[in-house]
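One protein chain, two forms: both are listed below as structure tokens, the first as structure 1 and the second as structure 2.
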Structure 1
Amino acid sequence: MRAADTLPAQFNAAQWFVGRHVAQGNGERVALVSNGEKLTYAQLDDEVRRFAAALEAQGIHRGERVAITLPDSRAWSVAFWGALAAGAVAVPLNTLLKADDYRAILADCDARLVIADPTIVDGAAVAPSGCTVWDAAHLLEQVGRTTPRADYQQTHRDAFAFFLYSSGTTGEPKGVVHLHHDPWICARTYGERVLDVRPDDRAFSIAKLFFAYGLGNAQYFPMDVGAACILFAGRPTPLAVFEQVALYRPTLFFGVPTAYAQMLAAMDAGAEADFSSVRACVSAGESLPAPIFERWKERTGLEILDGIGSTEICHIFLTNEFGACRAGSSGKPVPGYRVRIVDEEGHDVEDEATGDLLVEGDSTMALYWNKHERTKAVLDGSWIRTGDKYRRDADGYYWHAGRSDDMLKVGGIWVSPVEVEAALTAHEAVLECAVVGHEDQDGLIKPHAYVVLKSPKQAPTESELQLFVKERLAPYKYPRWVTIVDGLPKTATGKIQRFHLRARSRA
């Protein structure tokens, strides 16, 4: 029997994570702390049921997609859980994308409603025809004037709940479809068995709610036990983060390696930071280099629990544990997940040998939306191919050994080299180029572009090419280094040999 089968067939995740606390007499507990404002579970439950009613009044039916392009805020949380409460499907979107990216995603998921912050994107300019556009003010206005639904829509535990868009190898968006039971499984596994989240916890995540990582960190893990979520709408610069931590005293703190490195640099430069309220620091998104782990421990006295998760598996499935961290490793399987490392024939490899990482657990996506062949390529019964190379040591710790595709994790976010190359090649002076990962001074991967010019006489500067990419793609994708070369290493058939460039980047 699957773990999810212990749930009743009728199960609505919004009822579990929001409404249940009111039903159990805990409605006065604080659910959200955001921008100096507090919202209790009773208030959130009321707003969620009002928003669900407003969706129905707007003609949004069960299963239809409601896209959310808002900063982390009360409106974000109301829109997300309200969509689920109505039996609709929430589609949180990355707030750093360009208009063309939004257009592609909204068309792919066939959104009926998009709630867009006009400072992030002009909703009307990117919504497909027949899709209504609201901003956060309109959402809150609707919530204020709509009579709440009496209850949460009766959904099946295996019904579609939310899509999270991830990036494919050529940069095309892939909608990862999650079910109502998936966040409940993550709460039963990583939330309960690893973090041991408690009602008096306060969770703060640098990774925003539109990432699978942030969504668990600062919504459904704390909300599983009636704890508080600290939501910050702004850009999480080190100083802004230190200020939020000082103001709201989180007990659970979630970051990505790049953010820990930046905070350490700010501390080295004399910035005041007080992490004494925090009982657990977590890192995910890419490997946490051991020196960052050590320096953070020296500075704050806290260990950082590095764990690997994926959008497809919903949250973390391999992790270090309190008091047993092995810096540089991804730790051991989270209770509730099984992992295998296999060779090319699919046979389990010995300890210390590198192979492909497969994972089995009950929070794995149902499918990639509109991508049947991609779905079949990664799902194998109850197992999923992660695309990661791993090795297990004799003590059972797992060590990340790279990707089986060319995808880069930059600041914990996917970057497709192919997409950056296409953007650079659109520059009139560029003949061809190749983008590979290169380690910065903290041991973290950033994009490095090798560019062949059409003519040496017409040589753009490095910053001109960087700006050119930033204008066309989400800004975190730009190449941090640009090297002009005479030619690219290629195979006899003309395929670029990226491993040569990667080796060159390391030298």
Structure 2
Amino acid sequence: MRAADTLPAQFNAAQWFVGRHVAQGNGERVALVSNGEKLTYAQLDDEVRRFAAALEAQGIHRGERVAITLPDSRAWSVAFWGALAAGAVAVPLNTLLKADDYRAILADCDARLVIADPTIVDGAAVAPSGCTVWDAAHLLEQVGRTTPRADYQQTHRDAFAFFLYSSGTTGEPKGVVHLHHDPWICARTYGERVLDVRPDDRAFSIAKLFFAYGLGNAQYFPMDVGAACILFAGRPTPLAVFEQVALYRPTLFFGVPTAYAQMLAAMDAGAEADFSSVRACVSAGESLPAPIFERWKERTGLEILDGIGSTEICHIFLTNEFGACRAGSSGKPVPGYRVRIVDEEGHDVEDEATGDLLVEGDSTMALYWNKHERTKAVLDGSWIRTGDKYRRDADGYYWHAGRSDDMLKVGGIWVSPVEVEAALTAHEAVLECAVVGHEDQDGLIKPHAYVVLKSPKQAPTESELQLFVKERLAPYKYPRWVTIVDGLPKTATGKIQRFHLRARSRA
């Protein structure tokens, strides 16, 4: 599927996802639910056009960057869609970064305006020279006193729309450049053909809006059909999530593997959770272990549609589907995307062989901002190298074998950290774990497991956990070292930062 075959040359994503519903007479439908407040599409459309006018009054021109460092909220949505409505470029930023990280990213994207919550970061202290800084209160004040634009800026479907800075599982964040047509492609493929998003849906995402996964989940998927987005500014602890689900009764629930594990642990500890309103649970971010899938289904009666996406491809491109889930797998290609698994020479591999995953789809990024060489390294014409190792079984299901730089060669044989992690996670005492390579006394790489327990009272020994894995996997795959830790280093979106564990293992 290609946008050029369907969309007109002049296309503004904000007009499609927000303004179109008002033009079609559906302005009274609820667009946002946040902290007990409801905002209709008509109200959101008005505020988005007011914010676009305020940007123009500020002297911000088409293509210039507007950075957003806000919790998920009405102000976040107004800022994001308002920037696009003005023809500017929205740059949502991770709300858990350090000041130096913000400083580097804002300089890299050359932001003209930073909208920052002072409880997250002092915008004035991190903004580049000549950059204006607003907080959410000032944003809403500007919106309230500015006459709205009469319409949405006429942008090209291939114009820059937003940058998403990668979550940094490999280190330095990269500015991933997306175009106005990219979210439309994701809505036509995953949103329409997998989730079957409906106007009466209510979408709630644990993953926050600055994350590519969260942006689709709780903005453009529901907004594509005029459904409601449930936004939660707080930290998504299990009890907080259960409370939001009870209050707003979502029909679409989006989580990450770590969150599902934590919620199951809370349920095991006696917490009450009612997911009876939910018709679809989704997981992405990293591979969902089969035991978590099975326990969640047993607890709630709901399958989890596990899949894989990336910031570079904007959303999910491999997924399990309703009634066809295979626990532990990433499912099959989302309609509209093509997938290949290739060897080191670039040749397609046979079923059951592990290789590098390549994807083709029209939501793929245009480039990495200010990183020409890195862009060339991952883009090969219309295909992109995901950096993931995968195998495909005889039934066409894809199985994650870890990141390309996470794969371990033990005794001359490739070992997938994901496979070892899945075996460890099946132990009743293990909440979550991560496996990285560690050099032994001979300089040979062996698996090292970092394990988080459900309870300190359930503390198996290192040898017990090693034996548990040996009984389930080929002997050479067992972790030679097991380190019990209180928690794993993660990005704000729940991805494990294995480079930190690799550094710790080398120390």
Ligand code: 3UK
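Rigid core: the largest C-alpha set superposing within 1.5 Å between the two forms. Each residue is numbered by where it sits in the sequence of structure 1, with counting from 1. What you see is a predicted model, and the numbers here were worked out from it, not measured in a lab.
Between the two isolated copies of the chain, the second is the form predicted alone. Within the set Asp405, Val452, Lys446, Ala104, Asp405 is the hinge position, where C-alpha fit passes from one rigid part to the other between structures 1 and 2. A two-part rigid motion is described between structures 1 and 2, in which the smaller part turns by 141 degrees against the larger. Structural comparison between structures 1 and 2 after rigid-core fitting shows the C-alpha of Val436 displaced 3.8 Å. In the rigid-core superposition between structures 1 and 2, residue position Pro479 carries a C-alpha shift of 17.5 Å.
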